[in-house]
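One chain follows as structure tokens, the form predicted alone.
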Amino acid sequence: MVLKVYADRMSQPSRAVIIFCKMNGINYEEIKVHISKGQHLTSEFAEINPMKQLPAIIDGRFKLFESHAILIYLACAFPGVSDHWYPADVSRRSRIHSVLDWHHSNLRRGAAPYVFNTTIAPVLGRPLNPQAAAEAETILTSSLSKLESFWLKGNGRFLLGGNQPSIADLSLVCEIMQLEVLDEKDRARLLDPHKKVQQWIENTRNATSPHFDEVHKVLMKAKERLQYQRLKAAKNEGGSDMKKPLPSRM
């Protein structure tokens, strides 16, 4: 049976899993679950992932959720996956695990809530939360600095000094790409101080071309819609249009 991938391409970890499948020639069926429509919260989807989050996969009778676990499973279960994604060498593999663990306790804790509480919340009919955004920004700024000074130290083009991307590169870059939907000045304020991070994003994009840009098309379209909404809001007193939800294609 073909691998089933339940995903929403507006979801950072969903994009990482899809790009990985495409890069490694893994035959899969992408089943779209729209977060903006609450499809991940249904009882039907809970049968696939009781946590009601994306992505999730079904491979035959085997069900799995959490993107890092999925990436590791795919790297091990499907033949032909290049070793650099998830090396057979235990020490190199363990170092990748250290990055992945750090990601969920640091970068994701900053990036995801910052984007949500400054930009995405009104799209989903939720109020902005400046306090939560400020707290998330502190974590995000610290995480970007740690990426720049520690995880990207050395002369390698990728995390941990590598010359080829691993599943950690893919996961973390997809996380940071979510910052694309921010106001341009805000995004520049966050990323401009981190030249190594910016180059690493470009390196990962190039290493996964053309799939990287194709999978991120949904995010880029969302960016365009949000920019339009900002321009429209700027022409209206109080910017009230920003409080109106965008179409559910987000």
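Note that the structure is a prediction, hence the values are computed from the model and not measured. So that there is no doubt, residue numbering starts at 1 and follows the sequence shown.
What follows is about the form predicted in complex with another copy of the chain, which we do not show.
Participant: Thinking of 66, 98 and 104 as one candidate spot, does another copy of the chain come within 4.5 Å of a heavy atom in every one of them in the predicted bound form?
Facilitator: All of them do, each having a heavy atom within 4.5 Å of the partner.
Participant: Specify the contacting stretch among 211-219, 190-198, 37-45, 56-64, defined as having any heavy atom within 4.5 Å of another copy of the chain in the predicted bound form.
Facilitator: The contacting stretch is 56-64.
Participant: Could you check which residue among 94, 138, 163, 82 gets a heavy atom within 4.5 Å of another copy of the chain in the predicted bound form?
Facilitator: That would be 94.
Participant: Is there any non-hydrogen atom of residue 72 lying within 4.5 Å of another copy of the chain in the predicted bound form?
Facilitator: Because a heavy atom of residue 72 falls inside 4.5 Å of another copy of the chain in the predicted bound form, the answer is yes.
Participant: Indicate whether another copy of the chain has at least one heavy atom within 4.5 Å of a heavy atom of residue 157 in the predicted bound form.
Facilitator: The answer is no: residue 157 has no heavy atom within 4.5 Å of another copy of the chain.
Participant: With the cut-off set at 4.5 Å between non-hydrogen atoms, does residue 134 touch another copy of the chain in the predicted bound form?
Facilitator: No, residue 134 is distant from the partner.
Participant: Between 6-38 and another copy of the chain in the predicted bound form, list the residues on our side with a heavy atom within 4.5 Å.
Facilitator: Heavy-atom contacts within 4.5 Å come from no residue here.
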